[in-house]
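Below you'll find only one chain, the form predicted on its own, shown as structure tokens.
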Amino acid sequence: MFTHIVRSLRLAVTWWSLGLFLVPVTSAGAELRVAAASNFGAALAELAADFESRTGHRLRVSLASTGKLYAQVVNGAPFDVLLAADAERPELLERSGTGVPGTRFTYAVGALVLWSRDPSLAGGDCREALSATAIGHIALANPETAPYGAAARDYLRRAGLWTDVEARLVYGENIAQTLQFVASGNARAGFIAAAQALDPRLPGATCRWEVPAELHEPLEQQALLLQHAEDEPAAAEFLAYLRADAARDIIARHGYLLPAR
């Protein structure tokens, strides 16, 4: 009888650690501070609602470029979890001891698209429009702080287009502001996250071109438990949840590729 009880308890703990939450927790939960890359905002809003309903915990989300969030973490911002848009900065934080070793993993893989709502580009090829001076301004996120901006710069250089477009580039502070530039018409075309292009609130695109992944550095988005929350069970639960099927389904529905388990 005792052996059976022990086995049952072990099974329950295993299911919990995998994030396979079956029912909401009715007791008061913890509040987690999550720093997330701007491109992941829409997906995270749905993930947060699902996680909160399952666990009773609450997420306080801060969205910004990955570079800006990295600087805040380094300077002592009390975040519990980082959801970056790259793998480089989470690795740096893990190496420095600011992140908890062994907790870093890829939660999504992004894609880069060239997008426009300019009527003059209707029916045309966004890619060909890059080399046409008549296209006007082209928006991308700041390559120094935003991984999607760095990927766009990487593509333009590899494609031999950087010299043609450099004088016409306008930089968003992050990928969300970059989308605002294009959606508002202040830029005639822009490099945004493929996930952003799925937003039903956007005006219809007149042209859209997905940049081949092999033409820029991978947009491997990694999560990391930060040292501030090393002993916070709710933070570990959230990271486990991100790897569970329920979260992966939401992430895929928002236009991201999923990493292998």
Partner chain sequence: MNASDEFSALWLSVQLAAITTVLLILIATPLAWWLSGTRSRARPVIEATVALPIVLPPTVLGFYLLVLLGPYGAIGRWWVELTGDTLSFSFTGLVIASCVYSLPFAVQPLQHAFEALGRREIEAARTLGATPLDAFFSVAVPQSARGFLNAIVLSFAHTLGEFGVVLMVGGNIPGETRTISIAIYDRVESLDYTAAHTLSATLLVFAFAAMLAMYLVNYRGRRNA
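On a predicted model such as this, the values are computed, not experimentally measured, just so you know. Positions refer to the first chain, counted from 1.
Below: the form predicted together with its partner chain, not depicted.
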*Okay, which stretch from 150-158, 98-106, 115-123, 78-86 lines its partner chain in the predicted complex, with non-hydrogen atoms inside 4.5 Å?*
115-123
*Heavy atom to heavy atom, is Trp209 within 4.5 Å of its partner chain in the predicted complex?*
no
*Heavy atom of Gln196 within 4.5 Å of its partner chain in the predicted complex*: no
*Given that the partner is absent here, does Leu169 sit within 4.5 Å of its partner chain in the predicted complex, heavy atoms only?*
yes
_At 4.5 Å between heavy atoms, is Ala71 in contact with its partner chain in the predicted complex?_
yes
*Check, residue by residue, if Arg58, Gln221 and Phe238 all come within 4.5 Å of its partner chain in the predicted complex, counting heavy atoms only.*
no
*What is the one choice in Ala111, Ala129, Ala187, Ala176 with a heavy atom within 4.5 Å of its partner chain in the predicted complex?*
Ala187
